[in-house]
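In structure tokens, one chain follows: the form predicted alone.
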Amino acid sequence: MARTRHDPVSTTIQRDERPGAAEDPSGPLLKSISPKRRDQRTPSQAVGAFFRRALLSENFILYLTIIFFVVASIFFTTLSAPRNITNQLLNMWPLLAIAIGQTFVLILGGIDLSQGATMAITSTIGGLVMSTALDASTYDKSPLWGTLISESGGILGQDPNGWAVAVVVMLLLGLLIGWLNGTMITRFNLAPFMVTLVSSTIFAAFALWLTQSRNVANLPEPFLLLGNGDIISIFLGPKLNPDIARRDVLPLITYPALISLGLAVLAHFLLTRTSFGRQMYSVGTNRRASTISGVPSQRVIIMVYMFSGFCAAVASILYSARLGIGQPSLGSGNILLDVIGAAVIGGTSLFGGKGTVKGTLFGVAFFVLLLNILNAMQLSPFIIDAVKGGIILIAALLDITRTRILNRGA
């Protein structure tokens, strides 16, 4: 049988000798198979692609916050005033601290309703042990009167460094409450919603019982700096009244900012640079599959709830130091709505397996700005709560939309 001879000349691509053809390195063959150019898209397709990229961007909430701030500042000029920005930042840092802990729990697919009660009990006990003086007519009904507290204050009130020990006690108490929640959830296989709801009721009532619903005053001055102290400040200049020589001070770097941002950096490192973070996402995506794969699911859940209690204690320290009192009602009201709303707006999924600290930071900034705008509009508290609930619902719908777009693209 004769072998067919391969002619190499027949497989070569003839060079286009037309003028200017040699200047195109792609050649006529590559031009014939090149994909459709982007400039051939219709304007509606280009706009749709732009919004799709913006929606899927990790910085979507940051862009939205900046737009809201710029637009709202046109109608409410007080929003951009330095003093208002300072106050909003002071409101933002404690909320960020507690929202970081809630983000960890939501990534697991759980929820922590006891954060508010953890703030209340840690603020109360911390205030009682570090107070420098207590009124007998006010606190003599407390079960701690005559043992841990007296007219000379708390057991650590007369110690110059007693406030630091009290801060450690508050943090340890937050870890203990988180450990109790996590242990009940894992050991008895109870629903996180039920466990944290019960612990919230118990510890909130316990905080009110310890002080008979009284706030604890006379906290040490070094402790108060944790909520209001600034490290670097600038002078805004003299007031409009020339007879007053005192200058207004605008803090640039504050202790609350350093504490909350330091906690955020630690949380971000845990999520993105450690095996513990990978285990969290795995448990939140599919707990049973993670356990079969060798992930210590129970230990991860307990540690996450401990971290949530720790974050709640940090927020309690910042709030108590800013208010100057130990408050047994701290954390009551709608603070959980704000915390969960900020986390969800930042991209944390209520179904578990998804969430970032950076997104929570952006969500907290957006939520604080939203509350500032609503208050500037002088709306009633009922309308404000309704708007916050609607925003959280929209954020949940956006999360579902983002997931569908990603799955469709995959």
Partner chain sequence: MKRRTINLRTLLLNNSTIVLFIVLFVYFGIQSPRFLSLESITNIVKQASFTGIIAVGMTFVLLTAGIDLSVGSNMYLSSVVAGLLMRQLGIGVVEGLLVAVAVGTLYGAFNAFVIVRLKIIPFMVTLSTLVIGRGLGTAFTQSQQVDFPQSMLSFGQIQLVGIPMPIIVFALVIAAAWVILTRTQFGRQIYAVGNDPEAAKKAGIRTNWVIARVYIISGFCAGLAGFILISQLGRLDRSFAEGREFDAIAAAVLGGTSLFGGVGNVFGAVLGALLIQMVQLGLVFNNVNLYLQPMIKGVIIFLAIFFDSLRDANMKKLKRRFIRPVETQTPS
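Numbering follows the first chain given and starts at 1. The model shown is predicted, which means the values in this text are computed figures rather than measured ones. Heads up, when I say rigid core I mean the largest set of C-alphas that superpose within 1.5 Å between the two forms.
Keep in mind that the form predicted in complex with its partner chain is missing from the display, and what follows is about it.
- Here the chain stands alone, but in the predicted complex its contact with its partner chain, taken as any heavy atom within 4.5 Å, falls in 335-343 among 335-343, 87-95, 313-321, 156-164.
- Taking a 4.5 Å heavy atom cutoff to its partner chain in the predicted complex, the contact residue among 201, 215, 218, 80 is 201.
- This chain is drawn without its partner chain; in the predicted complex, the residue among 257, 225, 190, 148 with a heavy atom within 4.5 Å of it is 190.
- The closest heavy atom approach of residue 208 to its partner chain in the predicted complex falls within 4.5 Å.
- Interface residue remark: residue 172 is not counted as part of the site for its partner chain in the predicted complex, having no heavy atom within 4.5 Å.
- Under a 4.5 angstroms non-hydrogen atom cutoff, its partner chain in the predicted complex lacks residue 60 among its neighbouring residues.
- Under a 4.5 angstroms non-hydrogen atom cutoff, its partner chain in the predicted complex has residue 197 among its neighbouring residues.
- Interface residues of 373-391, taken as those with a heavy atom within 4.5 Å of its partner chain in the predicted complex (partner not displayed): 382, 383, 385, 386, 389, 390, in sequence order.
- Once both forms are fitted on their core, the CA shift for residue 63 between the shown form and the other one remains under 2 Å.
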